[in-house]
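A single chain comes next, written as structure tokens; it is the form predicted on its own.
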């Protein structure tokens, strides 16, 4: 796993120094990330790379994953497509399945972080556990043209968060809470983004 110092040649020492100054402001705080899968998918990939870097900055962080059965993930896949504007038949039974699983996770997931980062729609209902900590909803998908039935269902939870974070202004919706932008990015030191030798490129192309 890459260490923070390995990025100096890519971003420069001043950027690393700025990150350390920002990290100092989080001393004594626990940052908790919650999503729906430990492997596979973009969010898991991001968190697998991010948490060791946070640790390297001295930021105490943890990562928890909700539980859900096959029906739940079939429903959330339909939600995902509908939020992108793809026509989907969404029934009350789908919403019921979503909430049944959400209630189980509300009971079981320990939302102990001082700052709780909830990623995408699957764990969104955990906001029902909100106490005195800060809650952020991180939306990794484009919701600029959503199915309104699904969006309005999710919005009842979103507006209870302190903040929503989107990948681009054009991907967001008007909300009564604060919104921030975290632009899409890659980890240049992850295996999938490393430079390949020309011999390996040629070998793949030949196949």
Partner chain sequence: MAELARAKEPFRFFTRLHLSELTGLRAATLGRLLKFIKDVPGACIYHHTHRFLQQHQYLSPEPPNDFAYWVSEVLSEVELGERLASIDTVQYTTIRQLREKIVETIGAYLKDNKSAKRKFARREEEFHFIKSVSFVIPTNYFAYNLREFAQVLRQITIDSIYFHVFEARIRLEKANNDFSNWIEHSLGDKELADKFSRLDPYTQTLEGLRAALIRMAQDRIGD
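Numbering follows the first chain given and starts at 1. Nothing here was measured: the structure is a model prediction, and the numbers come from that model.
This protein has a second form, the form predicted in complex with its partner chain, left out of what is shown; the following refers to that one.
With the partner omitted here, the stretch from 58 to 66, 177 to 185, 30 to 38, 45 to 53 that lies within 4.5 Å of its partner chain by heavy atoms in the model of the complex is 177 to 185. Contact annotation: residue 25 falls within 4.5 Å of its partner chain in the model of the complex, judged by heavy atom distances. Its partner chain in the model of the complex is not approached by residue 197, whose heavy atoms all lie more than 4.5 angstroms from it.
Its partner chain in the model of the complex is not approached by residue 161, whose heavy atoms all lie more than 4.5 angstroms from it. When its partner chain is considered in the model of the complex, residue 156 lies well away from it, no heavy atom lying within 4.5 Å. Scanning 15 to 50 for heavy atoms within 4.5 Å of its partner chain in the model of the complex gives 15, 17, 18, 21, 22, 25 in sequence order.
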